[in-house]
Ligand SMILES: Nc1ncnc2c1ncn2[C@@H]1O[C@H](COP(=O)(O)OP(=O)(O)OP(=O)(O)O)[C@@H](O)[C@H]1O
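Just the one chain here, laid out as structure tokens, in the form predicted on its own.
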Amino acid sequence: MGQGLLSIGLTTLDISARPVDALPPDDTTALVDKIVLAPAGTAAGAALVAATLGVRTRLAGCVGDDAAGRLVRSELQAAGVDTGLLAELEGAPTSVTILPIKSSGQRPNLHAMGAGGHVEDSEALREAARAARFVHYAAVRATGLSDDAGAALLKDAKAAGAVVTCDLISPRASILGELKLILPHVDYFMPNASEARFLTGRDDLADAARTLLDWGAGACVFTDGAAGSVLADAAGLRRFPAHAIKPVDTTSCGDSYCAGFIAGLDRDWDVEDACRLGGAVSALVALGLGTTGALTDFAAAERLMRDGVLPDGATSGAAR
């Protein structure tokens, strides 16, 4: 059996500020309660949260040769993430998103494209995938890694004994060909419910799940906002309710759910408890600003999952 998690794909820097209900006029200044800078993205966000939960974690992706890239790398390393496969793309900026979070929790954003969607195809990456216990693939449509190369990478990882999870950067119709190549090598496909409906053209989640299983996915785990999450496999659909909270920032909830799910499996929990842990982790993240929000450690997530105990000052933790 391999060890730890290898998270592959989108790596960005998020700059989050709250509350921002309107931009100040002209050259004036408005005060906000908090500004947070944190590594983010479908791969790096999941890696940061997984490491916070105590999972041995490596990240494969790209940053630019700039101050933002150096900050992303140093913050990941401070959290315990192995960044040996986080490449620096010469001449490119790091992908950065500015998130002015409204008091209501809405999160319009400004995004600067950069190196974040690039993954270096290398023998070192393939060796890391074969050595991992879990491979989280967030590199669909990544540059630098062809469709065939991504599918071959996951096939080799599964053959070596890895559990493969997959999340999406964005659900464009152009990804369907690549998705159908990689899904036969994916144990748990983890888009949100809206993405699953869009990709399959099916409004009913059960129908969407059946389509994705027909395309080769071993199982599907859909996050569904305040409605919680759904596990779909050969046994049918099971829904897991969300925790009743007053969210502060939901930006990284999907990534954090994936990380929590993997952390549960890493402790040899069954898949249903892994789903419940994912929900608890995402709730804690939503209670604060930035990629990790109010999440402190695995014990805090387990307390919320099992006993409904939230951090001091947070709104009710009862399940919906």
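Counting begins at 1, following the sequence as shown. What you see is a predicted model, and the numbers here were worked out from it, not measured in a lab.
The discussion below concerns the form predicted together with the named molecule, not included here.
Heavy atoms within 4.5 Å of the named molecule in the predicted bound form are found in one stretch of 155-163, 113-121, 237-245, 139-147, which is 237-245.
Judged against the named molecule in the predicted bound form with a 4.5 angstroms heavy atom cut-off, the residues Arg58, Thr83 and Thr292 are out of contact without exception. In the predicted bound form, the named molecule sits beyond 4.5 Å of every heavy atom of Thr94. Although the partner is absent here, Pro184 is not a contact residue: none of its heavy atoms lies within 4.5 angstroms of the named molecule in the predicted bound form. Mapping the unseen interface onto this chain, Gln77 falls outside it, with no heavy atom inside 4.5 Å of the named molecule in the predicted bound form. Proximity of Cys253 to the named molecule in the predicted bound form falls within the 4.5 Å heavy atom cutoff. This chain appears without its partner; in the predicted bound form, the one residue of Asp224, Asp207, Glu127, Asp233 with a heavy atom within 4.5 Å of the named molecule is Asp224. Residues of 165-198 placing a heavy atom within 4.5 Å of the named molecule in the predicted bound form: Asn192 alone.
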